[in-house]
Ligand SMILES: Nc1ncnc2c1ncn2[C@@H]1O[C@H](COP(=O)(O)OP(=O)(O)OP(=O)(O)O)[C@@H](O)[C@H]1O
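As structure tokens, one chain now follows by itself in the form predicted alone.
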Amino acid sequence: MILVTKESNRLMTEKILEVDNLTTSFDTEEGTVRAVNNISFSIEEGETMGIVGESGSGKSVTALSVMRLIESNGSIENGTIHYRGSNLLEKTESEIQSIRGSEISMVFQDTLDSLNPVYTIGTQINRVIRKHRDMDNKEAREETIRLLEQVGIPNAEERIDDYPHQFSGGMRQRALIAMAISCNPSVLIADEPTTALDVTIEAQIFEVLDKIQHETGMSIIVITHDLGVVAGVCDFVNVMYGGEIVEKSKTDDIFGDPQHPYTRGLLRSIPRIGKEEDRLRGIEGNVPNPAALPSGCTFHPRCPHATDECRQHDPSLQEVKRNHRAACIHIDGYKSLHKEDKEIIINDRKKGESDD
């Protein structure tokens, strides 16, 4: 996989979305489970931010919390979610419905679950437009065709009357993007938007999002387990594990100088073509069950460098250098980065840049 990091040339101004000390829990048969535990992040206008981690790390629950779409057995225990300075957690359901879709929108990862099989693609996008924008049915249909063309659907005037099963996986994902941007949102959350697609279609989908972002200035939050995606599209990255953010920084710093053992493990797990010793090396063990998190540092059962101190103390995020924070009690600036890890990461990036 080619890792080419994104260099943002946007002028960052206002923090459009700020999440502070967010904790989301669920009532289960095993008791109360905290899927997201005291996380904070923000995104500015025109910025693309990544939230990355293995399945079960709390990424999607974070997105659903922002959208106020937590299931009935769940609740937001603590924290604030400010959109343009207003706390979304204080909004009524009616108020949040007017914001959801028109101001903050989301592209879900499962297209078949997200699209109703008994209605045409055009009808579903049309309904969203008419709910939030002052258009009659004819105007909404014309706008739907324009949106489908914008996201790269060929023969949009004809395909608008197709049903979801008549679209390929990539086309369904494009249709979902068209629906998500149909009301010109300021923030778009893309939750694993290319999981089931091949790399060629994946690249096309993100090209569409990048083009729309440049045209509209919207902010994008990309939720993914794929660090290759993060490298290509994000300005900043939050690495999540066990419901917590364990490292956050600019994308270049995450790839060039990762500080947390989990981040380094994710980078070493990226598939690469080359010598046997350069090939994929996964992280041993599994993501912990949120109902039975280990004591101390949540990552210590899988960390090759864990000590007794790690098993006893849960570290908080600390500043490693400017705009770069990580949660590891053994971080001591650059000294904490093991030479072997750093050489593998740097060599892999050099290979990617030369291949590109």
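Heads up: residue numbers just count along the shown sequence, starting at 1. Predicted model, so just to flag it, every value in this text is computed and none were measured.
Beyond the structure shown, there is the form predicted in complex with this ligand, which is absent from this document and is the topic of what follows.
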- Would Ser316 count as touching this ligand in the predicted bound form under a 4.5 Å heavy atom rule? no
Glu93, heavy atom within 4.5 angstroms of this ligand in the predicted bound form:
no
*asked:* When the contact criterion is heavy atoms within 4.5 Å, does Gly296 count as touching this ligand in the predicted bound form?
replied: no
Query raised in the report: Does Phe41 make contact with this ligand in the predicted bound form, using a 4.5 Å heavy atom cut-off?
Result: no
Only one of 55 to 63, 297 to 305, 41 to 49, 317 to 325 has residues with a heavy atom within 4.5 Å of this ligand in the predicted bound form, and that stretch is 55 to 63
Checking Asn73, Asn87, Gln97, Asn116 against this ligand in the predicted bound form, the residue with a non-hydrogen atom inside 4.5 angstroms turns out to be Asn73
The one residue among Ser102, Gln204, Gln109, Thr120 placing a heavy atom within 4.5 Å of this ligand in the predicted bound form is Gln109
